[in-house]
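Before any questions on how it binds or moves, here is one chain, the form predicted on its own, in structure tokens.
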């Protein structure tokens, strides 16, 4: 009697657990992301100090630029590792739903970005001498992380077999993520300036709608990406 195919939630959990277990053993993706983001922030910090400008105004841009480029490292490494170890072919030969693979990649990258921001926010507060530890910032970070991860997963999977994937990923992904980055940067700036939610709430809604639409569309098309 053949074993039944696991439900999609069970498949997602197993793949998600596998990704976290690999990272826990290697400590590669998150460590690289943190080092890269810290280097970016330190460079910006020295540049701002030399010009003696209003650093507070530039914090939202510094934060989200660091998150964007750090996520490129995570996404590239996640899919290139599967290609190098022929894991993607093995998974493709099993009755695992491609949607499960997509969701697990999105969840993993979102968790990594959240962990990165937990480390970065206190450091930015110290280096740039301006507190950004606001409770109101949590929804902005969540919708931004999901948007970057959901969009990045489908693009990274499509480019996984190309030789210049590291170069092409940010070039293709940045235009797609402009609504997310602009919305998150604007909302983050409003929160730092202690403006009421009526001033930035619509930006969070726009990014959340983008997340929903792009996640659904990418989930439906993901099987085409991994078949390339």
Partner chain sequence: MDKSSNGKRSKAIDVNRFTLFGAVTFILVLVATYMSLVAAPLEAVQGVHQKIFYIHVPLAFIAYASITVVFIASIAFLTTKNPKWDRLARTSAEIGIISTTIVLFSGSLWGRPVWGAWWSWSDARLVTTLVMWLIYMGYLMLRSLGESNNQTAKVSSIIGILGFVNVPITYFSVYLWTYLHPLPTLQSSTERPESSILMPFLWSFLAYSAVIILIGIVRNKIEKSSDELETIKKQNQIR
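These figures come from a predicted structure and were not determined experimentally. Positions refer to the first chain, counted from 1.
What comes next is about the form predicted together with the partner chain, which is not displayed.
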Residue among 39, 47, 162, 31 with a heavy atom within 4.5 Å of the partner chain in the model of the complex: 162
Spell out, yes or no, whether the shortest heavy atom distance between residue 145 and the partner chain in the model of the complex is within 4.5 Å. no
Quick one: does residue 182 come within 4.5 Å of the partner chain in the model of the complex, counting heavy atoms only? yes
Counting only non-hydrogen atoms and a 4.5 angstroms cut-off, does residue 58 reach the partner chain in the model of the complex? no
Give a yes/no on whether residue 168 approaches the partner chain to within 4.5 Å in the model of the complex, heavy atoms considered. yes
Within 4.5 Å of the partner chain in the model of the complex, which residues of 178-204 have a heavy atom? Give them in sequence order, or say none. 178, 179, 182, 186, 202, 203
